[in-house]
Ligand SMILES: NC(=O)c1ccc[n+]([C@@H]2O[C@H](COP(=O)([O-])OP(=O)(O)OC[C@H]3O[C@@H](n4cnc5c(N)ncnc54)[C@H](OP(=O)(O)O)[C@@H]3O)[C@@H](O)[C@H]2O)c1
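Coming up is one lone chain in structure tokens, specifically the form predicted alone.
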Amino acid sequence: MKAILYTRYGPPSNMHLDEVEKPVPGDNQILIKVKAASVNSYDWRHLRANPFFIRFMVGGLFKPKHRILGADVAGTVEAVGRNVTQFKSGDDVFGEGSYGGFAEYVCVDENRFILKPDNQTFDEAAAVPMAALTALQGLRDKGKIQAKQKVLVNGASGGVGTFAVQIARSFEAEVTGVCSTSKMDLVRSLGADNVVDYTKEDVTKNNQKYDLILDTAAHRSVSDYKRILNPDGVYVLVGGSISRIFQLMFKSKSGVKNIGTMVASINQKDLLFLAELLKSGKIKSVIDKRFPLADTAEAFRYFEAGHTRGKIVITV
């Protein structure tokens, strides 16, 4: 089968299309014929080994053990392991498998996938898992979102941000999205009640107060955002640099409350929750560009430029 390999950490030029052996599902795995995958910061960080300690997570100081990236996948089940009970050959599914999605076939744990909603294309479904789970769990679980709260989404036009705006609206919150000038119409179209153009206005100095801030961009200090939180407000960081995460840890140890960070947890319960939102039309995938499998390196170059509107999808 064809797959995108990277044999050492570094720039997208290290990625290349090659022929590899087709995988065989384990006892609790399903073999998926991949129709689409999507690019996430998770994939980019593993490619670039940024931060450095990712090298130890993927099993090699100079050469990664996992040589095929691609966490988010949508496709059709071709075969199942002997202990699989939830799926059968021919089922259309989507989910997050951590590695292996930038290929024609991938084997994944059945408990990380669910049936694809009929009203979603494979491209749309592939754009959902990691970004939408991050938005959902950041808002609902870490942020304790409630109806009528004032919610600020920083980085509202990106992969996580576009889902966060829609999910917050589904919880009946009042949503303010922060983005650049060219993306304001997009964020409004997703249901944001207010949109702030960060190139013209500093959201931390406009005298507004928020009950919940979901920060996907982390361009400002935690202290800046603390200033615009209500007394019982919550700040949740779901993206940004390692230095910002350490800053949050320091703040927490210093007695500053209601500030934290999180990494999404893949589980079927939350995927099913998102599937219901997709079926009802309360949320949708925003796809910026599609790239064929052979052009995955080019997709990563586009991702690195940092101007993505929603998600980048790899079509297989």
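In this text, residue numbers run from 1 along the sequence as written. Values in this document were obtained by computation on a predicted structure and should not be read as measured data.
Not on display, but discussed next: the form predicted in complex with the ligand.
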{"property": "Answer option from Pro117, Gly239, Gly100, Gly233, heavy atom within 4.5 Å of the ligand in the model of the complex", "result": "Gly239"}
{"property": "The single option of Val106, Ile167, Ala192, Val178 touching the ligand in the model of the complex, heavy atom within 4.5 Å", "result": "Val178"}
{"property": "Listed range touching the ligand, judged in the model of the complex by heavy atoms within 4.5 Å, from 167-175, 211-219, 107-115, 73-81", "result": "211-219"}
{"property": "Val128: touches the ligand in the model of the complex, heavy atom cutoff 4.5 angstroms", "result": "no"}
{"property": "Close approach of Ile287 to the ligand in the model of the complex, 4.5 Å, heavy atom", "result": "no"}
{"property": "is_contact(Asn258, the ligand) in the model of the complex, heavy atom dist at most 4.5 Å", "result": "no"}
{"property": "Partner contact for Ala264 in the model of the complex: the ligand, 4.5 angstroms, heavy atom", "result": "yes"}
{"property": "Stretch 198-213: residues contacting the ligand in the model of the complex, 4.5 Å heavy atom cut-off", "result": "Tyr198"}
